[in-house]
Structure formats: C-alpha cells, structure tokens
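Subsequent text provides structure tokens for two forms of one protein chain, presented individually as structure 1 and structure 2.
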Structure 1
Amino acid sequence: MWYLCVFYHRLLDYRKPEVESLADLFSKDLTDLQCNGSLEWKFPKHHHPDSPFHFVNLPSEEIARSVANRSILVKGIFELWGEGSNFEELEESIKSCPDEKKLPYLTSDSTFKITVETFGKVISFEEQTERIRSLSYIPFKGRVNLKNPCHTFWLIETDDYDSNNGLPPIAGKRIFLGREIGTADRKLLPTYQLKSRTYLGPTAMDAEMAFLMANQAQARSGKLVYDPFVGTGSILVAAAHYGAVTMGADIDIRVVRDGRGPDCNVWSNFKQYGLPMPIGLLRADNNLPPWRSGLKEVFDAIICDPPYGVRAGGRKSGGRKLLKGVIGPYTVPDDKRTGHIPSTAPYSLVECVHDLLDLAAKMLVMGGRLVYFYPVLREDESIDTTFPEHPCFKLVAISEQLLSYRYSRVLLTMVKIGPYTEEIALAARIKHLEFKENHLKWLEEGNLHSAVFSPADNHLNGSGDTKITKDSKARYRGKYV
C-alpha cells in the first residue's frame, strides 16, 4: 500500500536506507523484502529527489507505523486522502477518495485533531486556523481533542520556489491531507546528546548517527551486537537502547579498562541511561582476533567506525621492529603474562577493513548485518571510490555524509548471504590483494589526514576558482548534512 512519507530535511542520503532497513526488520515476510532488495519509491508532482516528501509502498499499516515510530529521520508516515496544487484541487481529491477509506475515522464516538505543517515557508496561527476551517466539507462527526486524539490528520503545504533559498526546488505548489500512521520520537536525541554524556573520547559517535547505524543494523531485543572499535561505547549505547545485547573490543587498554576513573568509563555511560551493561569489553586486536579456533556465527550485527586516520589512526599488535623483520617473534614469559600489553604499530585502512570483513564473514550469523564507515575524498577525480568487497556479503545500502569541501564518509551496510569456508576465505584474500593493488596509496600509507586537512589553496586553479569535478552538481542539504 502506498503511503506519504515525510522526512526531516537532514542527512539526505540516509533517509531511504533507514526506512528500508526498518521495513525489512518489521516485515512479517522478510524473505520477500530481501529478495526485492528495496522498497518502491516515487516522488510527488514537481518535486526534486532531495525533497522531504516521498511516496513509499509498504506491506501494511502495522509495518508503516512501526517504521515511523522507530525511525530517526522520518517526521511522519501518512495515509493520503487527497492532494492538489491548490485548495480546490485538494477538495476534489478528498471527495473522490473512497468512503470505505475515510468513514471508519469519522465516526461520532471518535476524537480527532488536525495539524497544519508547511515546508519552505512559515504561516501565522490565524492562517493555520483558516486552512483548518476550509476542510469543513469533510464530514467529521467526532469531537476535537488536541491532547490525546484517536486520529490525527495532517494538512501539509509546500510552496513553489526555486533553489535560491538552499532548499530543493519545487516547480509547483502542492498540498496534502493525510491520516497520521506514525511519527518519529526525536526526543531521544536530546536525551543521548554527547554534551551530557559522562565519558567521551575524541572519536565518540554523534547520538543521531549512532542511532541511524543501529537502525541500519536492525538492532533489537534478542540480538547480539558487537563493536570491534568500541572506544567510549557510543554505538553500543544506541544498540542497547533498542534492547540488543552488546559486546565491544578495543586495542587501547586505557579505554576499555580504566577510562577516567571508576565513575567515568564506558560502563558509566550505560549506567547513566539505565541501559543493560555490555556482556563484555575486551582488550583485543582486530588484526589478531581473540576468538578460539572453530568459533563462528555468534553475532547478529557488527557496527563500527574503523580508525581511518583522520581523527585517530589504527594500531595493531607487533611493534615496528617485529613487523619489519628486524627481530623475530617472541614468547612472553609466564611470570610476565599477567597484565602484559603487547607493543603496537600503525595499522593501514586497507588492512583494517580486510580484517573487519573477514571477522564479520566468520562471526556473523546468516543474514546478519555489518555496518561501518568508509572514507572518500570527493573532489579529486583520480581517487577511486570503489568499496571493499567480500564473497560472503551483499552491499545493500550506501549513505554519504559530507564533512568538508572534499572529504566525506560513507556508511556501508552489508548483509551476510553465504557461509564462511576456506574457499571463501581464499577468494576474499584475492579480492583484498586486488583492491590493495588498485586502490590509492593514501589508504595504504595512512596519508588521509594530510589529504583532508591540506590547505584549500592547493586545490584552486589558476583563476582562483575551486576545481569543478564530475560530481559538482547541486546538492540540496539541510543543516549538519
């Protein structure tokens, strides 16, 4: 059934993937949705693809309500009763809407409320009241209840404007009237905002993004979620909010064991929000996983933000001399094993992501999800923006977040579609070597930080204008996108 989906004008590339992940999570026929790959979408008349208004085909009203209530970026999902370019067309459209669709919500024993919403302009309270009165042709028989109505109806109006105001252009005015199916609860974002978090680090994930990642990974009660680069636990906090059992690891013992004291550590972040504690926080190396031989298919989801060298560089066990072959491997004496922390050396992004994919292929259950960030330099045409692959996974969503004039990070969502075998491991290794050979040196040598923060003058042409690239088309973005 088709519904009107109205988004917040934020993080535009994340909107559809979040809805599709949640629809897949709540659908009673998961196999059918996964085979289709994505939902059907279409745009209202005259609307730009970056518009917050979309039509989406969802299996049922129950699923639509569940998606809207859990989503971070959906303002509301509505059963459309009518639309038009003016109020006369709207009235005609509503009157032509089948009675069997409207009458169950217009009965005398029900209560209702009408909310007026606008996009691209602001109208006064008097104008809102006038618009509500213009709907008098709808045969409402129930009473108005503004606080707790049985049914809420939204009158949504867009204006016709070009792109000069920074919003996606709309060639013609459009007015919608719909019955509210569900709306997002954005109140949880102020609750979990970082500025009030007990324990923070330099790479702590923003609360909104952490919840989006948890939605992409389909975190929920009964699922086990793992973060191999846990840091201060921001991603696991979001997963735990949705009821998932959590577990994390980090190579820095000071993070997972000490924090900043007994009352300021990863555990205190969960205690602050009254969330279930992680079942374990390990001091572990992504390059040398601590799992016993033969252990596999343990986690339902792996969610992480790998260290790619912009705010923090990756580290792995071994030390420079050992990795370069200057000294041979050594065995830690028994009397020094307690509390021993191996020395570390730089860990390139290419190697880090390969190890992450291999870990996920081995440890995720079938159908489990791997959600992680990957960096992209946007304004250099020589940069290859292909993403790492693995035979066990299908890439189902790519969401880009612009962070500077030439640097962005891409959220990749992958679903495990095949079992992990020795043959698969060999094929993955070959793919990794091909990717490493054909990809850019900044990934291997760790020069991403200098590339991102290099002076802007280095990227100007002789006329003083910024280079025009193949991806220089207009992008209509909301605040903080």
Structure 2
Amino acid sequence: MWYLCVFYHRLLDYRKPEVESLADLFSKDLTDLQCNGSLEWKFPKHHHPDSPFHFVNLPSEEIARSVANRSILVKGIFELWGEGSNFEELEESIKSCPDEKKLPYLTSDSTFKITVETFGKVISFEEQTERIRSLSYIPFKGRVNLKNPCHTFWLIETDDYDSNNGLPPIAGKRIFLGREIGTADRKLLPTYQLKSRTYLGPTAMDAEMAFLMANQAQARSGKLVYDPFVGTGSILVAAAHYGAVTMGADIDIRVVRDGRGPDCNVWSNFKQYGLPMPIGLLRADNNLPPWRSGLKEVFDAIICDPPYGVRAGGRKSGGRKLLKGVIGPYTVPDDKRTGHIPSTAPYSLVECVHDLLDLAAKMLVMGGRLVYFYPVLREDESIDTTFPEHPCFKLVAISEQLLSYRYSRVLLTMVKIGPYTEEIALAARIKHLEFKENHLKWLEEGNLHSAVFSPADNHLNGSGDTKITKDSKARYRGKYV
C-alpha cells in the first residue's frame, strides 16, 4: 500500500534508511519474513530527491503506524486522499478518491481535526482557517476535537519558490490532503539532549544521532546490544530507551569505572532517565578482545562510533612492546605487577575497523546488525565510495553527515548474512599479525588527523582565488541541514 511520507528537513541521507530499517523490524513481527531489502519509493511530480515529500510502499497500515511512531525523522505518514498543483486540482482529486476509503473516517460518531502544514513558507492563522473552510466539499459528519481527535487530516503544501534559500529545488507547487497514520515522537530529543546529561565526554554522541543509530540497529526489548567503544555510554542510552539490554567496553578505565564521581558516571547517565543500567561494562581492548574462544553469535547488534583519530585517537594494548628497536623486549618486574598501569599504543583506523568487522562477524547473530560511523575525506565534492567490506556482511545503508569542508562521517549499517567460518577466522588472524608486525607503517597511512587539519594548499596559491569570491546569494545546502 502506498503512503505519503513527510520528513523533517534535516539529515537528508538518514531519512529513507531509517524508515527501511524500521519497516524491516516491524514486518518481521508479523510475517517472519526477513527481507532486509529496500522499500519502493516514489517522488511527487517534479520533486527533488531531497524533498521532504516521498511516497513509500509499506505492507500495512499497522506497520506504517509503528514505523512513524518510532522514527526520529518522519514528520508523519499519511494515507493520501488527494493532491494537486492548485486547490481546484486538489478538490478534483479528493472527490475522485473512492468513498469506501473516506467514509469510515467521516462518520457522525467520530471526532476530527485538520492540521495545516506548509513547507518553505509561512501562512497566517487567518489563511489557515480559510483553507480549512475551503475543504467544505468533504462530507465531514463528526465533531471537531482539537485536543484528542479520532482522526487527524493534514493539508500540506509547498510553495513554488525559486530562490532556494537552503531548501531543495522544487519545480512546482504541490498540495496534499491526507489522513494521519502516525507521527514521530520528537519530544524524546529534548529529554535526552546532551546539554542536560550529567556525564559527558568530548565525543559523546548527539541524542538525535544516537537514536537514529539505535533504529538502524533495530534495538528492542529482549535484544543484547554491544558498544566496544562505549565511552560515556551515549549510544547505549538510546538502545536502552528502546528496551534493549546493553553492554559496553572501553580501553580507558577512568571513563568506564570512575567517571567524575559517584553521581557522574556511565551508570548515572542511565539512572538519570530511569533506564535499566548496562548489564555489563568492562575495560577491554578491541584489538585483543577477552571473549572466550567458543563464544559466538551472542550480540543482536553492535553499535559504535570508533575512534578515528580526529577528535579522539584510538589506543590499543602493547604500548612499549610495539616500539621494537627503540626499547628492548619489555617485561614488567614481578614486584611491580600488581597495580601496574600498562602503556598503550596508537591504534590506526584501518586496524580498528578490521578488528571491529572481525568481532562483529563472530559475535553477531545471523541477521544481526553492525552500525558504525566511518570517516570520509571529501575531495572535490565527491566522496570516496569504497567502504569496508566483509564476506559475512551485506551493507544495507550508507548515510553521510557533512562535518566540515573537507571531512564528513558516514553511518554504515551492515547485516550479517553469512556464518563466521574457519577460513574467515584464519584470514582475520593473519591480517591481525600483519598489523602487529607493521605497526608504524599502518599508523602513518591511516593518519586522518593531519589530513583533516592541515592547511588546504589550493587556498594559498593563485588557483584558489576563484573560490574566495563567493556569490552572496543563499545556495541550497543539501546535506548540511
């Protein structure tokens, strides 16, 4: 069944994957079908792909409602009753909409409400009332109830603006009338916003993004979700909100164990919202995970923001030992073993991602999801399209978020489709040793920090001059919203 899906105009790349992930999650309940597939989408006439208006084919109204209610970026999912480029066309279209679709929602014993919504323009209260009155050709029999109506109808319109002013280019004005199936609960964002959270670190995940990640991971009651770079727990908070049992590890013991005092630590971040605490927090190294050898397929999802060395660098164990030739073979004297604080070595992004994929391939259940951020350097507006691959995984969603002129991060969602075989395990062990042997070489190659923060050459020499003379007209910002 086709529905009109109206999005909030932000995080454009994240909108469709969120709906697809949630549709997959709720379809599994009803049909046992594990589609993981993408949904069918259509645009209204002449609309740009970045437009907030989409048509989506969902299996049922029940699934559409569940998707909308749990989503973060869906303003509403509607059953379309009519659309047009002007009010005459709209009227025509609504009248030709079959009665059996409309009449059950227009009965005299029901209550209703009409909401006027615009995109790219603002209209006054008088104009809104006028528009609602103009719908008198629809045979509403029920009574109006603005607080708690049985049915809500939305009259939504876009304008035919030509100066984009940050909005996507839309060729023509479009008006829609639809019956509301469900809307997102964005009230949870102010509840979970970082500025009111007690314990924060420099890379705490923004609440909206954390919820999007939890939705990509299909976190829900009865599932076990793991974050190997847990930090202050900001990603697990979102997973716990959806009822998942959470577990986290970090190499920095001060962050996981101590925090900033008895009421300012990872535990208190969960207590603050009345969420169940993580079932396990430990200090462990993603490079040498302490899991027992027979353990596999325990986690339903792994969600994380790996350290990529731009705001925070990764560390792994084996510090001084890896500096061969500089310091001799390193042994801790026996009398100093208790309380010894082991030194750590920098952890390159490539190795970190390799370890993450290997861990996920082994520890995720079949159909389980790995959701993580991957950094991308942008050159000439185009992004490097090669993302990490693994024989056990299928990449199902790629969502980019621009962070600066030269640097963006991409949220990758991978679904486990193949078992972790002996051959795959062996290949991973060989690669692990290669990383260990050529520690310094990998560090140099995977150094993102210098690439992101070094001065751009083309701005200093003559060829860069053209870029400085920017036109003052507001331009469409696309992925910046």
Partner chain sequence: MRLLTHNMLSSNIKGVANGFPLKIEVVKVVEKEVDFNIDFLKNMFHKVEWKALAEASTTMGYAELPEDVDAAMLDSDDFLHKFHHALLELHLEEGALVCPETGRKFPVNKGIPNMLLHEDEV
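These figures come from a predicted structure and were not determined experimentally. All residue numbers here refer to structure 1's sequence, counted from 1. Rigid core here is just the name for the largest C-alpha set that superposes within 1.5 Å across the two forms.
Between the two isolated copies of the chain, the form predicted in complex with the partner chain corresponds to structure 2. After superposition on the rigid core, the Cα atom of residue 70 is displaced by less than 2 Å between structure 1 and structure 2. Fitting the two forms on the rigid core leaves the C-alpha of residue 432 displaced by at least 2 angstroms between structure 1 and structure 2.
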